[in-house]
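Just one chain follows, in the form predicted on its own, and it is written as C-alpha cells.
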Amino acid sequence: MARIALVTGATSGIGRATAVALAKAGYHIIATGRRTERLQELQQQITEVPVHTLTFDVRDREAVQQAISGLPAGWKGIDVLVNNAGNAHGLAPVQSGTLDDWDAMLDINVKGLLYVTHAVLPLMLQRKQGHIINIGSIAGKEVYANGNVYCASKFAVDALSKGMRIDLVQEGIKVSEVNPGLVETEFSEVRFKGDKERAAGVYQGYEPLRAEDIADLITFMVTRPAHVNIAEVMILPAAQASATVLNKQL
C-alpha cells in the first residue's frame, strides 16, 4: 500500500523541498498551499509518484476541514503530516508592532497548525498510526530582540508538539518537531514586506541552510523504523551558534 504524506505550505521553501524529497522516498504527496499556480508547477515537477493538490489558507478553519474531509478515498490514508506552513511579519519592538502582523503570525503559525492537525488526526486515529512533523524554529527556543510575537508563536509550536506527543503516544502516532536556524528561503522577504535587498542581507557573509537540508532531515525522520521516533531536532548552519550568535565574514 502506498505511503501518503501531506505537506502544508508546499508552494515554496521548506514545504516545497520536503514534498520533492518525500516523493523521491516513495511517498505519494498531498501538497497544500494558497497559490494554485505554484502547486500546479510542483505537481508537474514531481514525476516519481502521484501528487494531489489542495488550495486553501490554513487560517481558514472551514476551508481546511472541507479540503481534508473531501479527499478522495485513495488519499485519506495519510501516514505523514508535515505542518510547515508558517511566516514571520515584521521585526519591531512590541511597542511599535502592528496588530495585523501579530494576527498573521498567530493565525498561521499556531491556529493554522491546529486546524490542519485537527482535520487530519481522525484519519490517523482510525488506523492507529501516523507521524506528525511540526516545523518550529530556534525562535521557539530563544527569544531575540524585536522577535516578540514571532518567537511567541514558535514557543507555542514547541509546547504543542510536546503536548501532542503526550496525548497521542497511546494512539500509535508519532509527533516530532524540527527547529531550524537560518534557512535561505522567502522567509525574510515576507518578514520585510518584499524588501529583497534587506532580505538578502540576512544571508550574506556565511553559508545558510538550504530548504533541501531541512527536507533531507524530515525524510530521515519519517523513514526510521516503526519503534523509533526522533522527537526533536535543532538544525543550524555551521556558522550559527544561537539565535543571536553568528559568524559572519563580511
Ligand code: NDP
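Residues carry their position along the shown sequence, with the first being 1. Keep in mind the model is a prediction, meaning the values are calculated, not measured.
Another form, the form predicted in complex with the named molecule, is not on view; read the next lines as being about it.
Q: Judged by heavy atoms and a 4.5 Å cut-off, are R59, P180 and E186 together in contact with the named molecule in the model of the complex?
A: Answer is yes for this spot.
Q: Of the options K193, R198, R34, R224, which one has a non-hydrogen atom that comes within 4.5 Å of the named molecule in the model of the complex?
A: Of the candidates K193, R198, R34, R224, R34 is the one lying within 4.5 Å of the named molecule in the model of the complex.
Q: With the named molecule left out of view, choose which of I135, M124, M105, V175 has a non-hydrogen atom within 4.5 angstroms of it in the model of the complex.
A: Exactly one residue meets the criterion: I135.
Q: The named molecule isn't shown here, but in the model of the complex, which of 149 to 157, 165 to 173, 94 to 102, 72 to 80 has heavy atoms within 4.5 Å of it?
A: Of the options, only 149 to 157 has residues within 4.5 Å of the partner.
Q: Find out whether any non-hydrogen atom of A85 is located within 4.5 angstroms of the named molecule in the model of the complex, and reply yes or no.
A: Yes, A85 is a contact residue.
Q: Given that the named molecule is not shown alongside this chain, does A10 nevertheless sit within 4.5 Å of it in the model of the complex, heavy atom to heavy atom?
A: Answer yes; at least one heavy atom of A10 falls within 4.5 Å of the named molecule in the model of the complex.
Q: Residue-level contact is defined here as any heavy atom of the residue lying within 4.5 Å of the named molecule in the model of the complex; does I14 satisfy this criterion?
A: Although the named molecule is absent here, I14 would touch it in the model of the complex, with heavy atoms inside 4.5 Å.
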